[in-house]
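What follows is one chain in structure tokens, specifically the form predicted alone.
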């Protein structure tokens, strides 16, 4: 279980939901974690430390380049290295299903700024720190929706389609620097915010019916895939998108 022993990983959007679960799960596998979020991630870091792990909570708005630089520096100050990044921060839980004809342009721009520009800014700031220790790994988080073509979340889907594209392009650009860049694409995952979405109780059974493994997806279902892609076991894997959705999308 210590596949990440000695590694230091920055997880964005780690104050709750998938990000908090990933932070805890990576620590269980030996990593030290920087739990970064625009919300207060201190309870997550304290919980990890109370369980014997190492964690640091940092406020980070992934649309703000200066805050991202501060976060990377905090990782170096706290743990003297940075081995990996999980670009998990995104807007989804509070984004309501809406026709493409009714999307507000300000909402479109905000979702793009967080979901698509954010991973680029975080990677850009983190890569030099990973280069200093000979390389590292980035795992971006997209969605299986981009492989399905599902209506009524066009702005969200466009932003997450961009994440798949930037994963591939970034992997080509930084592979020579010893940096691997991969992506996971979860299905509908029952995090705290998702459970609060209007109509989720009626929609979830329909989603589950399309899965080979017909149950709700939980945040914990992503930990193993992300940990593997961060680990040295995946040292020759880059530019890939791994769908983790119980077999709804198969390719």
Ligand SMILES: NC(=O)c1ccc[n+]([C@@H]2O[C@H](COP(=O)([O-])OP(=O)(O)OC[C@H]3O[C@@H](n4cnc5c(N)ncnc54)[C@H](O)[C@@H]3O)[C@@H](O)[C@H]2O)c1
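Positions refer to the first chain, counted from 1. Here the structure is a predicted model, which means the values were calculated and not measured.
The same protein has a further form, the form predicted together with this ligand, not shown here; the description that follows concerns it.
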Looking at heavy atoms inside 4.5 Å, which stretch does this ligand contact in the predicted bound form, given the options 135-143, 74-82, 175-183, 100-108? 135-143
Applying a 4.5 Å heavy atom distance criterion, does residue 25 contact this ligand in the predicted bound form? no
Contact between residue 61 and this ligand in the predicted bound form at 4.5 Å, heavy atoms? yes
Heavy atom of residue 18 within 4.5 Å of this ligand in the predicted bound form: yes
Find out whether any non-hydrogen atom of residue 188 is located within 4.5 angstroms of this ligand in the predicted bound form, and reply yes or no. yes
Taking this ligand in the predicted bound form, would 89, 114 and 193 all count as contacting it (heavy atom within 4.5 Å)? yes
Checked 22-46 against this ligand in the predicted bound form; residues with a heavy atom within 4.5 Å, sequence order, are 37, 38, 39
